[in-house]
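The chain that follows stands alone, in the form predicted on its own, written as structure tokens.
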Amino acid sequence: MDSYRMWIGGEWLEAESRKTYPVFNPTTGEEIARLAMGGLPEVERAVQAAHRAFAGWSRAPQAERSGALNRIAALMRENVDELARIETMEHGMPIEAAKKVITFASHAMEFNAAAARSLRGEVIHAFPNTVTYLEREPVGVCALITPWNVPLFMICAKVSLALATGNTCVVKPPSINSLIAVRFAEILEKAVLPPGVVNVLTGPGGSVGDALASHPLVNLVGMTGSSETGKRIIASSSRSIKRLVLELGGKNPVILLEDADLDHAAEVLAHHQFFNSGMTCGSPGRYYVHPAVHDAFVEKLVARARKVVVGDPADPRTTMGPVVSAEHRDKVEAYIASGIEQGAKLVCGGERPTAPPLDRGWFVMPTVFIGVTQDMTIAREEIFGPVACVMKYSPSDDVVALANDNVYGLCASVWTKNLAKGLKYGYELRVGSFWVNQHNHLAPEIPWGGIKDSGIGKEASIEGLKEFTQMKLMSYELRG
């Protein structure tokens, strides 16, 4: 059984306690590695290393910082097969999907490297014979707390935003699948970054995450995860004043009008519903379907769900693997049970597979509910699994009010041939991202982030880079 250390201050270190914790393969349930269990001593060491490195890295020429990110991106593509194999082994993402996600992550890193070179301040014409301007500068030490659903992509997204803008960082990957983060640290070592610019700290999310969020030398916390964890980060960070960039949960409404292209809608929405076993914050959370097209849409959605190939994620033919852990499988199954108990009708999936080889791992089959009502638990809470919740709304209903009736505000989509009507819905829906006849359609150039319990700030794009900078007023009087 291989054991792995942490990357702190340009060195590979074991935990001071010498404790380790296991990593499991969700396809088989078998232990595959052990990682160092970092604690408060490692948090202190990593933050101090990032703090020492900040002065040099923040003053490095932008070309040097961008060049380092480009080297990392190139090394990721050179090692994409190995990285995808690790992501498949410890997370369960199908191998072909993992390759695409990791390649996309490398391109996002290159975009941030290039876009950072065009960030500008602003000149203010306030007084005669005086030059006044806003200088954009890095924030400082960033604690980057990443989720388990797309582990390497989220690490790359946050690290590249921080580094491109001159910050240093401590990465706290999810304890459930941190092996990919350690392999990423090996790539950082090959990219020859100055010691302490990036530190990778493995360990339990509660104690280590709280210690990072509350540390007085941490200037920004960038975190992706559940809304509950985000609230805990906010509370911990309040012990000192910090910048927060939080990308949290979603229960994303999808509205299908009577003139929607049902074939297109079912194809796109099913892809996002079942991709990564539904463990995507932007996946469709609840479907509001006009009664004139309800039955036809459900038929098409179920047919598409039954085409999903559930199996060993290492098999290139597989399109959906297991969920990430036994605990998460149990959580998703509890939501399915609550839907049945509260009166929703199960029309696809919902049962644990018992035939080999799916009987060994943590699999949840593609599931579709109809007859869901607004007050049901499955309509209110984020399931984070391959479970579609379909509701038939009445033409007399205020469907926008129904869609807005939720604590989350991440994203939404409307499906209609009437573009003007679709855009009108977009102005009324309380979300951070909105699409007509698309869903979760993203690229490195597009900002991402929600409102309400879905988070604070934006990631990706120029807007994401700005989140990792602060503006300083500079002024001087001209004297001749």
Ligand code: NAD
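Start at 1 with the first residue shown and count on from there. Every value quoted in this text rests on a predicted model; they were computed, and no experiment measured them.
There is another form of this protein, the form predicted together with nicotinamide-adenine-dinucleotide (NAD), and it is not shown here; the text below is about that form.
Novice: Going by heavy atom distances of 4.5 angstroms or less, which of 361, 209, 339, 311 would be at the interface with nicotinamide-adenine-dinucleotide (NAD) in the predicted complex?
Specialist: None of the other options qualify; the answer is 209.
Novice: If the cut-off is 4.5 angstroms on heavy atoms, which of these, 174, 385, 349, 140, is the one near nicotinamide-adenine-dinucleotide (NAD) in the predicted complex?
Specialist: Answer to the contact question: 174.
Novice: Which one, 351-359, 120-128, 105-113, 147-155, holds residues whose non-hydrogen atoms are within 4.5 Å of nicotinamide-adenine-dinucleotide (NAD) in the predicted complex?
Specialist: So the stretch in question is 147-155.
Novice: Since the partner isn't included here, can you check whether nicotinamide-adenine-dinucleotide (NAD) sits close to all of 224, 250 and 448 in the predicted complex (heavy atom within 4.5 Å for each)?
Specialist: Yes: each residue has a heavy atom within 4.5 Å of the partner.
Novice: Is there any non-hydrogen atom of residue 318 lying within 4.5 Å of nicotinamide-adenine-dinucleotide (NAD) in the predicted complex?
Specialist: Contact check for residue 318: no, nothing within 4.5 Å of nicotinamide-adenine-dinucleotide (NAD) in the predicted complex.
Novice: Does any heavy atom of residue 205 come within 4.5 Å of a heavy atom of nicotinamide-adenine-dinucleotide (NAD) in the predicted complex?
Specialist: The answer is yes: residue 205 has a heavy atom within 4.5 Å of nicotinamide-adenine-dinucleotide (NAD).
Novice: Do residue 219 and nicotinamide-adenine-dinucleotide (NAD) share at least one heavy atom pair within 4.5 Å in the predicted complex?
Specialist: No, no contact at 4.5 Å.
Novice: Closest heavy atom of residue 232 to nicotinamide-adenine-dinucleotide (NAD) in the predicted complex, within 4.5 Å or not?
Specialist: Yes, residue 232 is a contact residue.
Novice: Between 264-281 and nicotinamide-adenine-dinucleotide (NAD) in the predicted complex, list the residues on our side with a heavy atom within 4.5 Å.
Specialist: Only 281 sits within 4.5 Å of the partner.
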